[in-house]
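Form predicted alone, single chain, as structure tokens, below.
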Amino acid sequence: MKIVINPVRPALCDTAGDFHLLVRLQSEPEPGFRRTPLNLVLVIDRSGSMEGSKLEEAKRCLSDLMGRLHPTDHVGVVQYDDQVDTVLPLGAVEHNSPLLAAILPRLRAGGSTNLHAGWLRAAEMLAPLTGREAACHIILLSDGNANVGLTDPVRISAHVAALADAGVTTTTVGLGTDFNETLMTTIAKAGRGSAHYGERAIDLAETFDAEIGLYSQLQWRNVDLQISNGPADLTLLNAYARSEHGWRLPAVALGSECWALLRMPLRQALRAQREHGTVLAVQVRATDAQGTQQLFSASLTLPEVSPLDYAALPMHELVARRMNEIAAADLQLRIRDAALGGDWHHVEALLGELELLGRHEPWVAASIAFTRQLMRERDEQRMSKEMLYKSSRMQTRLSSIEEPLFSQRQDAEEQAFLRRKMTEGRRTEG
């Protein structure tokens, strides 16, 4: 792993104001890198609210995911309402794929939603397989709220985080528009996975392409970032979960990087460097493709200049872009709060602020059209989900190592897990 630390300006000075640093954890070329084997358990909600088209779409999701796996990957299927059933024990895809095709037509909806129990069955299937080359991953599909069994989001997330630390990660997929997006995104964050949503399987096709593409090319897992010798008043601006000593960052696939944006008072950054010899030091713990934990470190030292010379220095283009993305993510959460409160005038004002940011960040600009559509329709449910998921994506996504400014044409050529989607919950008709 390569650690790159980019300052917003390449110097420090004794003046007021904030100073930003971008910490980038990069994949490096690895000759002979082999596809990561995958142990995957698909967990499907079959509760009563899934009756009809939702359950049919969920079945299509399972078929789609199964079709994207390598024949030698291992896959299992769990279904749950108030009870939990193992539809398919974990087995090779080439063996389980035809079995799933025969079982899917017999899946029926009914009962309440014991989401935690469904997830737990999958975790128990995968836990004995951690610590090896294969990635152990859960994809949880649900359309609603956990209403029986363990329902407390804090306790559920604690269980999910503990399993993620042990090597079983969790991605969530919200189906329809009625699901509890806060619970589903919280679980994904705790599980070191991704959070997605859509109304139909066709809306999720690119999402599943990204999910399987990512987990089949993992170079670094269980990535933890720790900051030392830095300013006392330091803030990590991304929405990453805390770990024992720092923050949990996304797994890094071949050809990608994860990143963290740090903010600190400029004077404190200067004071830290004078006291310790560096602005800050970074330590990263991560598990490689063979299951071995590795430790990496880096530090940053900058020259001191006068306030006048500092102001004349250009801003680092990528740092400025990440600052805009984090600012846009914050605005999206504020738009969500205003929409949930029925304050559409405030939504309009915040969208104006988002459009100003979009003048400097094409990806932000490209995502506004769908938001305006939802505002015109006064679609509170979809606005709530789109803003929450878009904000999360902007703050925690992987990027390509040499990522250019956003353009639809160039982005379409990237691997699916590196694309900057304009809408999170794509909506097709019919």
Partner chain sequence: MPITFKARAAGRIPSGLPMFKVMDRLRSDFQGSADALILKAQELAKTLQLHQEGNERLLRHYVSMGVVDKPSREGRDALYGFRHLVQFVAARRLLAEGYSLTKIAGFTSAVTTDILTAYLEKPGPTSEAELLVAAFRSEHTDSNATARVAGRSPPPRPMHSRATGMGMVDVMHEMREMEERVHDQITRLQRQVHAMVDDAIRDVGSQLQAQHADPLALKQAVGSLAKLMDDATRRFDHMLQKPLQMIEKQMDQQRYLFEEAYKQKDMLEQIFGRLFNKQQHDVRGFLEEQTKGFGEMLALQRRFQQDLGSQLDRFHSEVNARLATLESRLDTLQDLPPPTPQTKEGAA
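Small disclaimer: the values here were computed from a predicted structure and weren't measured. Positions refer to the first chain, counted from 1.
Omitted here: the form predicted together with its partner chain. The next part is about that form.
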Looking at 303, 89, 341, 307, which has any heavy atom no more than 4.5 Å from its partner chain in the predicted bound form? 89
Within 4.5 Å, heavy atoms only, which of 295, 99, 356, 232 is in contact with its partner chain in the predicted bound form? 99
Is it the case that residue 84, even though its partner is missing from this view, gets within 4.5 Å of its partner chain in the predicted bound form, heavy atoms only? yes
Using 4.5 Å between non-hydrogen atoms, is residue 130 touching its partner chain in the predicted bound form? yes
With the partner left out here, check for me: in the predicted bound form, does some heavy atom of residue 345 sit within 4.5 Å of its partner chain? no
Just to confirm, residue 222 within 4.5 Å of its partner chain in the predicted bound form by heavy atoms? no
Among 153-161, 68-76, 313-321, 205-213, which stretch has residues with heavy atoms no more than 4.5 Å from its partner chain in the predicted bound form? 153-161
Contact at 2, 24 and 35 by its partner chain in the predicted bound form, all three, heavy atom at most 4.5 Å: no
